[in-house]
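The chain below stands alone, shown as structure tokens; this is the form predicted alone.
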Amino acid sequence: MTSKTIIVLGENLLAKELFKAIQKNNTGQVHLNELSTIGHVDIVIETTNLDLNDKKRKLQEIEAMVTSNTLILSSILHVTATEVASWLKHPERLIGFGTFSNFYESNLIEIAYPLQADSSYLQTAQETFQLLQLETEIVEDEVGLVFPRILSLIINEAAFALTEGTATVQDIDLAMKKGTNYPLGPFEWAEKIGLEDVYAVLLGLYNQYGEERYRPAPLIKKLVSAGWVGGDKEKGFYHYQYRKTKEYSI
């Protein structure tokens, strides 16, 4: 793939990490949230997950500012790529992807293409991520895809266990690491990847299937509302536990 001009859009941790990764790998010109000031654009990477109305508005703004053959890569943790593509006048050039902000640790990006997609854009999407030294895996176009969906459900179950008083944040993480040999506990994972995207996956699954097993734990909603989402923030599950413990000890 020849040198491309790439725009990354979003205020979340995923957007920041993708921007840094493209810069580091020197895959062409890359800009963060500068679509309105750049002339020709080859690829736009859009990362809004939680607010679907905001996501739809941004994608339609993107479409109004780029040519009809510009590849649009859209993070689809909350919704299918097919639904996202339906918002566009030229849906054939949209490709969905799913990952969390710690994508370099898993070394994998999941890709899903909508029913409306043109296969040539799928190839360009794979080449774009491969230039970042990341493997790509094409999966079915379903809410949450594979890894984000399963990890989000583990974090959700851990949040229910915490709420029910089964164990503390620290003890749940320790039990899961020793019991499953995972490198991180569910709350450590949530702190690393940012709770907003986990909440987006859970909401998407619950809206799509309406099943109780996908209902987001109220504590997760509460932490997201407070902005205690981990990631590049200073507060998350561990801060919440510490604060609760401190309050009880007074």
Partner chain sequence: MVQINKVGVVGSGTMGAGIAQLVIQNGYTAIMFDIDQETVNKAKIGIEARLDRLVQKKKASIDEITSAKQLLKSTTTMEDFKDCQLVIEAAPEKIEIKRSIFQQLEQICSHKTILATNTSSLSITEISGQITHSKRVAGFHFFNPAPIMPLVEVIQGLKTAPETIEALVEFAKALNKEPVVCMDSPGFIVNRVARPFYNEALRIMNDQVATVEQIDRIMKRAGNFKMGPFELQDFIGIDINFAATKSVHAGYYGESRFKPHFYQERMVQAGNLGRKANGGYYRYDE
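Numbering follows the first chain given and starts at 1. Computed from a predicted structure; not experimentally measured.
Omitted here: the form predicted together with its partner chain. The next part is about that form.
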- Message: Quick check on residue 140: any heavy atom within 4.5 Å of its partner chain in the predicted bound form?
- Response: yes
- Query: For residue 53, is any heavy atom within 4.5 Å of its partner chain in the predicted bound form, or not?
  - Reply: no
- For residue 106, is any heavy atom within 4.5 Å of its partner chain in the predicted bound form, or not? yes
- Should residue 147 be classed as touching its partner chain in the predicted bound form when contacts are defined as heavy atoms within 4.5 Å? yes
- Decide if the three candidate residues 58, 86 and 127 all line its partner chain in the predicted bound form, where lining means a heavy atom within 4.5 Å. no
- Message: If contact means a heavy atom within 4.5 Å, which one of 63 to 71, 39 to 47, 212 to 220, 193 to 201 is the stretch that engages its partner chain in the predicted bound form?
- Response: 212 to 220
- Task: Just give me the residues of 55 to 82, first to last, that have a heavy atom within 4.5 Å of its partner chain in the predicted bound form.
- Result: none
